[in-house]
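Let's start with one chain on its own, the form predicted alone, as structure tokens.
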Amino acid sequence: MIAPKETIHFIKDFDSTQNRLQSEDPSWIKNLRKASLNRFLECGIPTSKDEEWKYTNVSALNDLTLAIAHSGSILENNQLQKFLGPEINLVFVNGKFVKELSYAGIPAKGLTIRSWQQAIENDEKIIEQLLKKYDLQAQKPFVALNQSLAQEGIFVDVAANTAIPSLIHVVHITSSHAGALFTTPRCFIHLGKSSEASIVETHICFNKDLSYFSNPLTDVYLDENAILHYSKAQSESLKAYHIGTTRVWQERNSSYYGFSLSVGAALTRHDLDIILNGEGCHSTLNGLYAVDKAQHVDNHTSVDHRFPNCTSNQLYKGILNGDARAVFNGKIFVRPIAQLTNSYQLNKNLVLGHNCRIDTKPQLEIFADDVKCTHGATIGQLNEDELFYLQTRAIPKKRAVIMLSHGFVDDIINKVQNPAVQNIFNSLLVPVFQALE
């Protein structure tokens, strides 16, 4: 085993925080933290020798000195208020839930929202049962890091046979004047049988010069016939690291409609893992990433078809400008029992800068014979004929580039059904198009 000082030296007060959490938690959480910590120490920070991290170098973490956040105060309150809408808003600042900034609206029947600590006290059995579905010895290093150190989070539970009409917006903000921070946002979503909800989770920073490392983990569990519309949006500091994971577990006939938007941070990595654990499941995985200058964005998706008659569709689009770099790795697993699987995957990239680079790797691993699975990837630039056509209509070239890029983006943004989520996405994309002017 690797000694703690060799792998977690970038967290200044790791030992004291770990000891405090161990003293506060129930025994099963203590065991989870201990097993997760051992897993992280065993794996260490990934290197380019790890196939899963071949194109994303996170060795710079070794040079950071980060403090675990203890304050939930925000410096940019006016900007936050402009960002929040009329939906249910659950606001976290530096990983701390801030009740004064949050708004739960009129209590909806069948909807339970608790803090992570309240959930451990009141919903211990369901959380423990669902977390046991994952093998602790096989969890990814940054999942293990989050589970060993997560202090606060949110638990959203929708009762069986309940449809929640309001959008639930979980907002994670990093704001500091006290130096670089390390945050571990934790989100746990459970939908009961035949229930439906719409949830958007955003990670934002209004100070683009703030240095920090955000390591979020979101777990989604969908019972039989449940329907979830879930989106994750991320627009952070140009000096930040964001390495997050979303895990989705689906039971029979459940449907997951997901969207991932990444436009910020010096380095962004999002692992999205879907397990179709029942017949008749459906998953939609749409994503958009737009990066500029020296930004790096990495999307890893995994869809595990474990039962027959399931469908999954993936469409990820990317815009690269300046010296930006993007990575897309999409995996589809079809188990021997998963006959009549229908799975589709496509990654499309628009390269605007001369020094951009995209590493795209769609993968299929099929062990059943009666399936329909396709995948593909495209990398291209704007059509010169289309640019010329717009210029002949007295449209300046820069404006023409923006118009065509908007068309590339709008096509996938319009797949989001909730207008409020579309508004959030469009507001986060404004700086992307301003950079093209």
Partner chain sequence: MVKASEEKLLNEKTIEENSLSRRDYKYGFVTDIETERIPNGLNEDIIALIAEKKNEPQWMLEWRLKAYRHWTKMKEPHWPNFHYDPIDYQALSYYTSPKWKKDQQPKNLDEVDPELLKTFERLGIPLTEQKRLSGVAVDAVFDSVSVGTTHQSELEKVGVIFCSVSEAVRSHPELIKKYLGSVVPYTDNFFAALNSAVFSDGSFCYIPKGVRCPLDLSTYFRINAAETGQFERTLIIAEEGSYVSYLEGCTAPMREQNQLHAAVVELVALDNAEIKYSTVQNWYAGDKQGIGGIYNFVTKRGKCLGHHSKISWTQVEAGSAITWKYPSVILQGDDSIGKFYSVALTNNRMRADTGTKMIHIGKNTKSTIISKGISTDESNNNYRGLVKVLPSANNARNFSQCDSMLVGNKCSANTFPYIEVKNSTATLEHEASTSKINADQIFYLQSRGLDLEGAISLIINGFCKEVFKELPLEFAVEAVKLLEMKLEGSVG
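In this text the structure is predicted, and so the values were computed from the model without any measurement. Positions refer to the first chain, counted from 1.
What comes next is about the form predicted together with the partner chain, which does not appear here.
Interface residue remark: residue 366 is counted as part of the site for the partner chain in the model of the complex, having a heavy atom within 4.5 Å. When the partner chain is considered in the model of the complex, residue 377 lines it closely, a heavy atom lying within 4.5 Å. Within 4.5 Å of some heavy atom of the partner chain in the model of the complex lies at least one heavy atom of residue 373. Although the partner is absent from this view, residue 63 stays clear of the partner chain in the model of the complex, with no non-hydrogen atom inside 4.5 angstroms. Partner proximity in the model of the complex, defined as non-hydrogen atoms within 4.5 angstroms of the partner chain, places exactly one of 118-126, 166-174, 348-356, 179-187 at the interface: 348-356. Residue 339 is the only one of 161, 73, 339, 112 with a heavy atom lying within 4.5 Å of the partner chain in the model of the complex. Contact annotation: of the candidates 399, 406, 30, 54, the single residue with a non-hydrogen atom within 4.5 angstroms of the partner chain in the model of the complex is 54. Using a 4.5 Å cut-off on any heavy atom, none of the residues of 68-84 reaches the partner chain in the model of the complex.
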